[in-house]
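One chain comes next, on its own, written as structure tokens: the form predicted alone.
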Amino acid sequence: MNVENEHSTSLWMETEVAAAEPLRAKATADVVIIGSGIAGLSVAYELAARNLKVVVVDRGHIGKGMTARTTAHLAPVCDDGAGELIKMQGEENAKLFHESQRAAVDRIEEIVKLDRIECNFRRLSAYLFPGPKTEPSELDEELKAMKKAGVAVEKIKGIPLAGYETTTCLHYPDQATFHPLRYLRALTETITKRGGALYERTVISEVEEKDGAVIVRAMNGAVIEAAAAVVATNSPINDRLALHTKLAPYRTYAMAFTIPKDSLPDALYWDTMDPYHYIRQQPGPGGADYLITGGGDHKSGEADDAWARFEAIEAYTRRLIPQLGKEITRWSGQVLDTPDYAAYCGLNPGNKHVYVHTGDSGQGMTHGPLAGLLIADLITSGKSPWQKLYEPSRKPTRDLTNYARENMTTIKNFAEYLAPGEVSSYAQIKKGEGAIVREGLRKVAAYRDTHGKLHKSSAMCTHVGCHVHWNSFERCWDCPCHGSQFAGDGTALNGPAVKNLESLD
């Protein structure tokens, strides 16, 4: 994200994960992993543990992508509800989904103990409480669905949130949470001890299968040759349509506040609203902890009202937790949803040696370690018990409503090229702001930086040509179609785009 934006710093950002140099020449490996979030580093860790030589490469800093923007709920429960999951996947797949997600959390716990990682990992309870328009029967139906899906759950009366002291809620035991970047830092240390290599600030532009192997090329001319590759970027950078028509980018918002120590039981809390809110605590210094709260999701690029969403999240949280202290920081992130709530994890469609992980559907902290287990199994043994459930080439078959609705975004987006600009002249754009300006037949993404310099770029995303939108909070250009993001000056920040916006300066 644009470092100019001092408002978008997550609670985890103070933790350095690993110092790494860019890759400038040629490298070889058994497996090259593109992306250094929890998915990429989990895959690298599992493969290195099996004595394979791994190379991890990232366009940004190691561990500082979307994983650094999580709220770190380690909840192996489908957050769209077991009822919805069964509707989309069937009862047996719903059981497999929750089994695999539990295995991911168990693996984190195992690694924490094995490597003696100090990352505040702890098991705790989680509570689903009803929103203002939720009927009691809805919780009853969800309780039945969760039990069908093999999830341990019970109905209880009352939770320690204001107004919910006697309300019927659902209790999920044996959930977990942790400090994600401290965990990733420990993974990188183990990976390098086992002979792995990490490279950052290296933009990958091409992943090619050739002669039974894989050649990965960077924008700076560097090359990595490997027996296999894993694309574990937030949104795949090696595909134009095969996966992206089945992915929907959403922006989500989070805030951190102080809270008196021991004033709220340490647990995970979610409501049934749509979009839903999520709350949890993180150990803090001295006599206070941090409370992390989030929500306010919307389709990426389809709203630019972050400040109003933060205000709504804070007001909502203060009603529930009157003892809440001062705000520490606020941030936003992007999640990629799939039509049936399970990630795409496995062989990339059309490839034999290229694997992919994407579409965490808001549950990246469990999907990421799952990718480590699943992809490592596929590479070393050719099979996994969860292979079919997460198969990237699968098609949505049970209910096409989600799939059709999300793909309307692209159709509507291209019509925006016919619309007028958002402002009539560049003089109307103030420092730190961006806007779309029409120049004859073309649309210009114009940004005036904090020093007053105007940057003019094409408004056409370099992935498949969609029309970008300005994001005032992150000070970046968002592509609503497939989730690409660009800095104010047009520099590509997040896939699937790898090329910068065309400069018109």
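Being a predicted model, the structure only gives us computed values, none of them experimental. Heads up: residue numbers just count along the shown sequence, starting at 1.
We do not show the form predicted together with a small molecule, though everything after this point is about it.
Residues placing heavy atoms within 4.5 Å of the small molecule in the predicted complex fall in a single listed stretch, namely 39-47, out of 23-31, 438-446, 469-477, 39-47. Against the small molecule in the predicted complex, the set 57, 70 and 363 is in full contact: each member has a heavy atom within 4.5 Å.
In the predicted complex, at least one heavy atom of residue 333 sits within 4.5 Å of a heavy atom of the small molecule. Contact annotation: residue 278 falls within 4.5 Å of the small molecule in the predicted complex, judged by heavy atom distances.
Under a 4.5 angstroms non-hydrogen atom cutoff, the small molecule in the predicted complex has residue 252 among its neighbouring residues. Remark: residue 233 counts among the residues lining the small molecule in the predicted complex, judged by a heavy atom distance of 4.5 Å or less.
Of the residues given (204, 229, 389, 224), 204 alone sits with a heavy atom within 4.5 Å of the small molecule in the predicted complex. For the candidate set 237, 374, 151, 343, a heavy atom within 4.5 Å of the small molecule in the predicted complex is found for exactly one residue, namely 237.
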